[in-house]
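Below you will find one chain, with nothing else, as structure tokens; this is the form predicted alone, and questions on how it binds or moves follow later.
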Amino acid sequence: MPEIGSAKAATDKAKTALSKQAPVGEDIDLNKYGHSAEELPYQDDPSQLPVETKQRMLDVGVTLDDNSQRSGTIIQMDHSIVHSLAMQEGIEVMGTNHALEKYDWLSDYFWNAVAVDTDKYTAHVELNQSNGYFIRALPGSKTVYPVQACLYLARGNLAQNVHNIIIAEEGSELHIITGCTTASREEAGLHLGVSEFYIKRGAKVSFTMIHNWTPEIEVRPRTGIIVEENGVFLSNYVIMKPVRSLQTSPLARCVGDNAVVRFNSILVATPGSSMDLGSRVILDAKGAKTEIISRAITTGGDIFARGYIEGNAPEVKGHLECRGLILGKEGMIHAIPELKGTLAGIDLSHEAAVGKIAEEEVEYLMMRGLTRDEATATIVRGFLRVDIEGLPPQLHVELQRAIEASQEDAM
């Protein structure tokens, strides 16, 4: 595994990149946000958090009153880890600062899957580190239930810096559901989240992320994934609530033979929301495979739905699928699929479609007794339903519950 060199080298690179604007997406003035927050008290029993806070977390799949169906829980509010607990042998869950104190070797994992000088947002996270979560499955360990993580923005006008490290050791299996949300008040805020995934030989990670922000929040996740031989990474991303600005483009690199990566995204842009999202996969090993599927709906906001697959090794396969649905008279969807092949014998394909609900489909359902609104809602539900291979049944049920819970508000 490549090493960045030293902590000082990372800091030096970050300082150089601090003024480097992201290649895509609206630029954000970092100076308009606060960068310090008071240390929040640790909660041995997270069920004692305020009812409203727990409800916001429940809306993104994080349950605190009953953790019997979880293999671990970690909660970060602003810059503080307020709860952390692993509930299964072979699974580690803790804040990244704690993990760095516990493991000398962990620093070698920082900034390998995501370059510290990617842009000014990654640089800011390095230079203003606060915390994040560390989740690790030991060799051969397999989660019985999902590990849950919540990143919660409590204070208004704060830039929340997060650096997460997820490691699935050889032959392990790790299922994670993570929810990012904020207090319900309509205040500005910024979430900067760096996440680095390391899927070792024969390991599997399913990662389901649900975002539930408010209309004045700006979000800049930066994610990198490295998948070794026979490793599997499944990513499910859902955002159906308002957000002022969101830009993310996770990059997965298949570096081992027969590695597999799948990205599934469900996006709804409400009026005033601007989303620029894309998934990128580099197939650098023989027999590696990927599938990128997105479902995008605008009810008045703007969506750039990107996808990129690059094939650089024999017998690799990749498929991109982006479908967009425009509801109402305003809003925009721009689908941007890209394929790059560098040798013979690869199999890459894509399909993209953007349009509106066909009137004949609505009329067909109305003839069978549904109102126009009911017919439209039925069609939208079918459009958003994406079959996800390899997802544990419990996690699949929770994902569909989150989609259905968000749908009524989004529509």
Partner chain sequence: MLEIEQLTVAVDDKEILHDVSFSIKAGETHVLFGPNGSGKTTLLMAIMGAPRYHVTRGGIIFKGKDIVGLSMDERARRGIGMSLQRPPVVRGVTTRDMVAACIGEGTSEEAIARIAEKAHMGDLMDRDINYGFSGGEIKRSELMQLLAQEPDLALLDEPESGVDLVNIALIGELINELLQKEHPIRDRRLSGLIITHTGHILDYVNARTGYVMLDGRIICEGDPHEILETIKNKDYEECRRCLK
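Positions refer to the first chain, counted from 1. What you see is a predicted model; the values in this text were computed from it and never measured.
There is another form of this protein, the form predicted together with its partner chain, and it is not shown here; the text below is about that form.
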{"item": "One stretch from 31 to 39, 366 to 374, 340 to 348, 50 to 58 that, in the model of the complex, holds residues within 4.5 Å of its partner chain by heavy atom", "value": "366 to 374"}
{"item": "Triplet 228, 235 and 253 all within 4.5 Å of its partner chain in the model of the complex via a heavy atom", "value": "no"}
{"item": "Heavy atom of residue 382 within 4.5 Å of its partner chain in the model of the complex", "value": "yes"}
{"item": "Residue 27: touches its partner chain in the model of the complex, heavy atom cutoff 4.5 angstroms", "value": "no"}
{"item": "Heavy atom of residue 69 within 4.5 Å of its partner chain in the model of the complex", "value": "no"}
{"item": "Residue 43, heavy atom within 4.5 angstroms of its partner chain in the model of the complex", "value": "no"}
{"item": "Sole residue of 323, 142, 280, 120 within 4.5 Å of its partner chain in the model of the complex, by heavy atom", "value": "323"}
